[in-house]
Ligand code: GTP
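What follows is one chain in C-alpha cells, specifically the form predicted alone.
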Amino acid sequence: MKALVLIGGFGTRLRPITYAVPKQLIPLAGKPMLYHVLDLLPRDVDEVVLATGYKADEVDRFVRAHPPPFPVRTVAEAEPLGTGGGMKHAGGGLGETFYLLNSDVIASADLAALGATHRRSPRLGTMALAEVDDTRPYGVAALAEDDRITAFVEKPPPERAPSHWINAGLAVWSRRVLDRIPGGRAVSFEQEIVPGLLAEGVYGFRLRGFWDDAGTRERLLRSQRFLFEAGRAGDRHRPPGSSGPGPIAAAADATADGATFGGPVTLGRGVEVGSGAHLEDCVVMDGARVGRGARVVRSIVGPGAIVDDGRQVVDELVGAASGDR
C-alpha cells in the first residue's frame, strides 16, 4: 500500500507567510503541518509520494533533512496541474490501491479503518467525509442508505445541501482512476473526474471527531489547539525563564527569558522572544524575533520576521518584510 499526498496550491490565504515557505511546512504544535498529515497513515504503508508544486525544492530539501517514518519520494510539477493533473503526473509506481491525502487536512481520522473498509467489498473508491454545519465552501456528498455516494453538489447553501457530509480530502482509490485522468493539462479530480466514477462504486466513510481544512490563519490555529489537546504535539520544550500555562512546543534553541505564554504556542528554531512579551494562541516561525513587551495573540509570525518592542499583534499574519500582514 502506498500513499499519494497532494502538495499544490500557492497558499494565497496565508500570504505573506507563504511568500517565504509553503503552507505545508508551517509548524503547528511543534511540527510541520505536512508531518501531522503523514501521522495519519498506517505504519504498514510502503512508500509516500509527494506530488509537489509551489516551492517544491523547499519541500524536497526539508523531507530529506527530516525524514518521515516512511520511504518518501517527491515528484515536482513544472506548472500547476490541479489535483487530478498532479495525481496523473506523480502516480507512476502506485499499487492497485492507494491512499490519497490532501496535505492541509488536520483530523482525528483512522486511516487504517478507512483502508479496511475499502477492502471489505468491491468498489472503485472510498472517500472520507466530514460533517460540517456550513456547506457553502465545500463539495457535498449525496448519500444512499449504504453510504454509496450518488452525487456531489458544489458549495450549496445548507438549506439546499443533500447532506452535511463533505469531501474530507482523505481517500482510498483503485489505481484504475489514474487512467481516467487526461495527461498534459490541469485537471480538477473532484470536479472533472469523480462525478464520472460514481456509477462504478464510490462510497463514503464518515469521520467522527476533529477535522479541519487548515488553509487560513483561523483554521491553522484551531488545528493547533486540537493537536495539543490530542497529545499530538512535537517537542514540548519550554524556554528557560518563561512562565505561563502554555502549552508550548519550542525548538531547543528558542529563547524567551522573562516572557509569558497564555495559550498554545509554537516557537521555531532560533526564535528570540524578549522579556515582558506575551504570546498566546500563535505560531512564531524559524528565526523570528518578538521584541520586549510585545504582544502576539491569535497570529502567525513568519520566518525571519520581526515584531518590534511593544508592538501589539492580534489576529495577524506577519511576514519578514516590514509592515507585511
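In this text the structure is predicted, and so the values were computed from the model without any measurement. Quick note: we count residues from 1 along the sequence shown, nothing fancier.
Not pictured, yet referred to below: the form predicted in complex with this ligand.
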Are all three of Thr12, Gly86 and Ser103 close to this ligand in the predicted complex, meaning a heavy atom of each within 4.5 Å? yes
Pro80, heavy atom within 4.5 angstroms of this ligand in the predicted complex: yes
Any of the heavy atoms of Gly8 lying within 4.5 Å of this ligand in the predicted complex? yes
Check Ala51 for me: does it contact this ligand in the predicted complex (non-hydrogen atoms, 4.5 angstroms)? yes
Since the chain is shown here on its own, which stretch among 141-149, 124-132, 103-111, 235-243 would lie within 4.5 Å of this ligand in the predicted complex, judged by heavy atoms? 103-111
Counting only non-hydrogen atoms and a 4.5 Å cut-off, give the residues of 19-34 close to this ligand in the predicted complex. Lys23, Gln24
